[in-house]
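Presented below, as structure tokens, is a lone chain in the form predicted on its own.
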């Protein structure tokens, strides 16, 4: 599958690049950011996938998170895809910020008119890793995932639905229980239809109740002053309770004074890179 390089910038002796490709899964052109650490010039590296939140593109993380130095030091390739298909000419795709463009929610839509293009779950799980492994010096056996908000939801469900696929998972302010919050009800209802039992397949709090993988070490950072936490959109307590019941190890850190922004992410990103490096470089 042909990759077209959009940009390349040297950064901490590695390179932050952006590529474009035609996605078979999403039936449109997609971009992704990829950081290649200096180690990638001489050998294969593990891959850490970042999933961004609502309204984001591949640019938000690579320009705002400040992850490059830690990724260079630990020898991690970091991939940051877009958050939805783009320009599919679907009626209503650009009408709201929390549904459609920039809001793929990392699900495979089953409802018209979304089901042809809005297949972000399969894109992240299958198509993108195959593309990355075919074109870059990766070790396909060493892969982890993390994300923010909607992307934190995406990271958690991908890890929980695919035991053994990812060495580790972490999240910043994830949407933990989407079937119970307004963002989730809008997105899951629109993409998957009105049968709530189908939504449960994409809800981390539901999935953890039947998760066989107690070896998955989960790290979550949550800002205490996050406006979406107080608005009931994130619901981490529900997820933690479900993990505790199933004896799934989860480190949940409520960070005093922090909000939902990339300033929060940049503050704790090195901790998350270290968390993943511990498993990816083991």
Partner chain sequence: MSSRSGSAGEYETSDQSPSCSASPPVPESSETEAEGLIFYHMDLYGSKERFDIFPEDLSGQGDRSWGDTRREPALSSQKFQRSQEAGYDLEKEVAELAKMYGLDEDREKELELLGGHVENRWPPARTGKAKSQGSIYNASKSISPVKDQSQSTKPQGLPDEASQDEEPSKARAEDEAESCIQSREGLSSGGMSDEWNSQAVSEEEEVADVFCSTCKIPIRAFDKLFGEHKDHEVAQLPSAMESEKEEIHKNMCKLEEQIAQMENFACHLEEIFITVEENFGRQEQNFEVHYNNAVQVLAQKYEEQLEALGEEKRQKLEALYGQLVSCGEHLDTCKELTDATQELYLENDKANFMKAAVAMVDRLEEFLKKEVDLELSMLPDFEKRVIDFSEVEQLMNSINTIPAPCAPVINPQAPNAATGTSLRVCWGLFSDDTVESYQLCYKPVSNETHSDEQAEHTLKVKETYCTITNLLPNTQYEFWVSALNAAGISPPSERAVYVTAPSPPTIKSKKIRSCENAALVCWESRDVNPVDSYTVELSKLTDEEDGDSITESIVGIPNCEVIIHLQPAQSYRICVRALNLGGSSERSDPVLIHTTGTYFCLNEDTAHPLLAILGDGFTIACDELENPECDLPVYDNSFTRCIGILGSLIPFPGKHYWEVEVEEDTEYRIGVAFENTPRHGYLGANNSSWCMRHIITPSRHKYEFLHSGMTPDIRITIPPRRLGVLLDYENCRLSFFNADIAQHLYAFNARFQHYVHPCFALETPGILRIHTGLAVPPWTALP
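Residue numbers count along the first chain shown, from 1. Please read these numbers as outputs of a predicted model, since none were measured by experiment.
Just so you know, the form predicted together with the partner chain exists too; it's not on screen, but the next bit is about it.
- Note that among 55-63, 22-30, 235-243, 35-43, the stretch whose heavy atoms approach the partner chain to within 4.5 Å in the model of the complex is 235-243.
- Among residues of the shown chain, residue 4 is not one whose heavy atoms approach the partner chain to within 4.5 Å in the model of the complex.
- Contact check for residue 251: a heavy atom falls within 4.5 Å of the partner chain in the model of the complex.
- Mapping the unseen interface onto this chain, residue 86 falls outside it, with no heavy atom inside 4.5 Å of the partner chain in the model of the complex.
- The closest heavy atom approach of residue 74 to the partner chain in the model of the complex falls within 4.5 Å.
- For the partner-free chain shown, 274, 275, 277, 278, 279 of 261-282 come within 4.5 angstroms of the partner chain in the model of the complex, judged by any non-hydrogen atom.
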